[in-house]
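Two forms of a single protein chain come next, each set out by itself as structure tokens; they are called structure 1 and structure 2.
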Structure 1
């Protein structure tokens, strides 16, 4: 439909071979998104029924190529709408060629920031309200800070910080931990005037140990990735997170923690098969291990039962529980689960006789929940300092939310 050659080592015939061997053969979804055809590498992703394909004969970094393809789709969504289709592409060919020329030069990705691209590439009918001076525009396109333009003003200078964590747990039937980790993200919404520099601090063990500690809990962060506004040189040197933030919402960093995790819920199951697999008795105790000043919301506990279940007699201390045949499970829903609370559910499950009895595979119990103002890893924000030459006051808000990822207990 549309193509752009940045070097002369790959021709249109190579693109036709991809169309014949991958698209026509309907191989996508089953094979890896990298295909080698006639000494040419094809790296591709999909949006609706369209393929975005990068071709090269060089030994490129595939992560770089896929990041560019994902950014290109994101840019097109910003210009053409979230669900842009083939017709939208055909009706905006000139715009797309402009975007492709600005985002890549001689096969090297360049400026992929939507906010900056909109300053000098628009649809022709929408003119930017505060069009920058040509010299200012040049520095934004070629300079290091393309994610934020100069001259931004806000009546109130505010920063909202969300620390969002997802807990993954796999517990064996004997109670030993098979898998236990927290995936976390720090999301920010900045409304700051000018070009401020921010310094952000977590209770990172390496930083606090180096500063000889302040008596507070520390966390060993295993690995983290940052938004491109963070100065990685300073982080590598002294573990300080320094950055000039984009205006609005963005994800500052993503991290993982595997040690000393404070699990929000303990689950103690007892499941017994009785009378030659004609009955199953279930007793599950759930204990909230977080502070009694907090509470969990949208708690859902799925307790599996055999597929040939006919009925289940359920008793639970609070919340609502019922047998849902389509999920082959007893689903227990609690809107508000207080910290340090304990609750018990018991069930007598009657089974239908089977002509060919099969042993029950015993899938794990699964939990879903959200706990506001709690972090399973223990990560918390120590400080956020905003430095600007005008010295204005900044209001800061911090929120913590922990939710369940794959939280499973084998029975």
Structure 2
């Protein structure tokens, strides 16, 4: 659709062979994302039904190429909308060429920061209010901090911190844990004046231990990834997270925790097949194990039933429960589930005799929920300090939410 050649060693005709061998084969998902055709390497990724392909004849670092391709898709998403399609691409041909020229030069990736690109490339529709001086422009693009421009002003200096966690759990039918982990992310929304330097602290075990901690609960974080504004050198040296934040929303870090997880819900299932597979009796107890000052919202418990269910008699203490044939499950919804509460559901399911009897596969019970102000990993924000030359005061807002990821209990 669109192609840009940064060097002369690959011709446009190569696109044809890619089209014939990869696009026409329709085998994405099973094939490797790198294919060598006639001495030319094709590295590709996909967005909707469009392929983003990088071609090279030389021996390149594939990780670099893919990172560039992903960044390019991200940039295009930022410019053309999350779900941009072929038509959007066609209609913005010039913009895309401009972006391609700006982000890559002679085969070397250049500035891929959306915020900065936005300053210079806007198709001439909108002129930036404060057009920077040419000298500034160069330092902006080539400088160390390309994610934040100078001279930002806010009346109120505020920082919002959201700690979002999702819990993955897989319990076997005997109650032993097969998989258990928390994936978390720290999202920030900064509205700060100038070029402030921020210092951020979690109750990470390594840091606390070094500070000869104050006896509070600490968490062992398995691995974490930072936004590129974080100074990794400093983090490696003394585990402090310092950074000059971009303006607006961004994800500061994400992390994974696998030890000492506080499971928000315990489920005790009893599912029995009776009378030679003509009936199934179900008894499920759900216990909220978090503090009684908190509560969970949007709790959905899906209890699977066999496909040939003809009728289900359900008794439940609160919430609403119903047999939903589309899901092949009894779906039990509770809007507000208080901490330390216990709920029980019982159901008698009548089955239809089958033409060719097959055993039931007994899929797992699935849970969905949201618990605000609770972190399954126990992570909490210890401090966020903002240093700026002018020394203004900053308001900080912290919020925690734990959601269910893949929360499954086998029966």
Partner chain sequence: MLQVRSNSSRTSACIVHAAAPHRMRKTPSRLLVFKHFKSVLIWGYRGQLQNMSSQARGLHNFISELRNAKSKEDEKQRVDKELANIRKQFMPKGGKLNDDGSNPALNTYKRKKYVWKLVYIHILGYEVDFGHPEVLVLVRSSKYGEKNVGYTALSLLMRGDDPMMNSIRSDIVKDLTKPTAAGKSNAPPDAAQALAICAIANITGLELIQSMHMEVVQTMVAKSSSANVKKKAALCLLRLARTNPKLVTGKDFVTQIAQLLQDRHLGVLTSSMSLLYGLASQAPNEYESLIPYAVHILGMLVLKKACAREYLYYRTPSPWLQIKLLKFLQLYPHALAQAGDSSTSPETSPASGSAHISQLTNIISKILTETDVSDSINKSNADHAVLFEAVNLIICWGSTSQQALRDGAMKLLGKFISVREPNIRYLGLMTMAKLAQLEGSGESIKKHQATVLVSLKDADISVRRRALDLLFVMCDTDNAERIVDELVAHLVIADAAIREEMVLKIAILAEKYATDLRWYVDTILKLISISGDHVSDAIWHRVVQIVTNHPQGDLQAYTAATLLVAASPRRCHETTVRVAAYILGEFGFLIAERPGMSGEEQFRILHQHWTTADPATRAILVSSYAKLANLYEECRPLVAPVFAKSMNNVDVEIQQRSAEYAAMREAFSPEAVEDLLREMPPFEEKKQSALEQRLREKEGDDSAAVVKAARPSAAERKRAAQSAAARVAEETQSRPQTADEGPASPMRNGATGGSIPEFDRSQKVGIPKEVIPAMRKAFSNLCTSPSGVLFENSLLQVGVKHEYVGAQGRISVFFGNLSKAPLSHFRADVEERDHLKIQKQGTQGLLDSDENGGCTVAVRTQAKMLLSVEVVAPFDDAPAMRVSFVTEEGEYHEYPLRLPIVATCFMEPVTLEAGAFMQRWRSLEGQERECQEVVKAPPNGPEIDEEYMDRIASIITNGLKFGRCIGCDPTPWTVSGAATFRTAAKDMNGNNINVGCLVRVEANPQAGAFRVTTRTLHPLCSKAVKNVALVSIKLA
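Superpose the two forms; the largest set of C-alphas matching within 1.5 Å is the rigid core. Quantities reported herein were computed from a predicted structural model and do not represent experimental measurements. Numbering follows the first chain given and starts at 1.
Between structures 1 and 2, only structure 1 derives from the form predicted alone. In a rigid-core overlay of the protein, residue 11 has its C-alpha displaced by at least 2 Å between the two structures.
Once you line up the core between the two structures, the Cα of residue 151 stays within less than 2 Å of where it was. Remark: with the core as the superposition reference, the CA shift of residue 238 between the two structures stays below 2 Å.
Core fit done between the two structures; CA of residue 83 shifted by 4.1 Å.
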